[in-house]
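Below you will find one chain, with nothing else, as structure tokens; this is the form predicted alone, and questions on how it binds or moves follow later.
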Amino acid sequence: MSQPLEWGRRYLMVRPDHFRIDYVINPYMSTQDQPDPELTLKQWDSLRQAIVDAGGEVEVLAQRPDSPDMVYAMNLGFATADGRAMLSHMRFEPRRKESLTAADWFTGHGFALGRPGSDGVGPHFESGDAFVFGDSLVVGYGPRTEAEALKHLAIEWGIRVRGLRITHEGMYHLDLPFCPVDSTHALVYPAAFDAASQAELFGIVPDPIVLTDDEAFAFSANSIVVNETIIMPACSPRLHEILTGLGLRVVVLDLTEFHKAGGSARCLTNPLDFDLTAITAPGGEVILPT
């Protein structure tokens, strides 16, 4: 029988006071289609309040004026319930200043900090590619995170890491085609991965909820589960029936201003309570699709 997720009740968010599109690093971005500041803040507030209403906690970090994508807090670093954090090493240089502020926040809040690399030296790792699910840390690699970073995570923390190779340019982080729902269910979009990783994905997820193209590109998998509530930017009638059938309360929010830069509910929220207990592997273990 499925059990609720062991994480996802405490989040870090970045208030979008300087959110804009200054550059293009994914297919959703255009400098000619800027977010509306007032509507952006209203949508962000609705997400923060929905988390609180669902029984979650939210910490808020001020945004750097020179880091317009910092609102996508999921990529600041991977944090654990026992006080560890692996800082992201962003692939694209314009996002790397975010890590300076993130490092100060994590250490200032008692997290022991690890780094796979910095300033372009060492493997790239972006925490929007990583989720605890089942017996492993599941990490997407290819567009943003490099395979070498999986070895770093496994060895430094002594955990089991399973990699999934992302090949779809519109699904550049794992949090776009993959969303854990409970201990056995996850929203998945198999077309985001190569053939070997698709097979691995169905081995990792006992009860996959496979998204249609329309559902995937409405950012349906970029959702978060807080206790018995799933907060989504879009939910088709089909998905609504499946999710409510699992006992979840579905909350749909308008987050379209954030879609302009390629992110939604999950991208805007960084879980601070991932539990590594069930994925411990002395010395570390990396499993890549073959």
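No experiment lies behind these values; they were computed from the predicted model shown. We number the residues from 1 along the sequence you see.
What comes next is about the form predicted together with arginine (ARG), which is not displayed.
Heavy atom within 4.5 Å of arginine (ARG) in the model of the complex: which of 178, 193, 125, 172? When arginine (ARG) is considered in the model of the complex, the option within 4.5 Å is 172.
Report the stretch among 208-216, 182-190, 70-78, 134-142 that approaches arginine (ARG) in the model of the complex to within 4.5 Å, counting heavy atoms only. That would be 70-78.
Is residue 263 close enough to touch arginine (ARG) in the model of the complex, meaning at least one heavy atom pair within 4.5 Å? Contact with arginine (ARG), yes.
Does residue 14 make contact with arginine (ARG) in the model of the complex, using a 4.5 Å heavy atom cut-off? Because no heavy atom of residue 14 falls inside 4.5 Å of arginine (ARG) in the model of the complex, the answer is no.
According to a 4.5 angstroms non-hydrogen atom cut-off, is residue 26 in contact with arginine (ARG) in the model of the complex? Flag for residue 26 set to yes.
Close approach of residue 95 to arginine (ARG) in the model of the complex, 4.5 Å, heavy atom: Within the cut-off, so yes.
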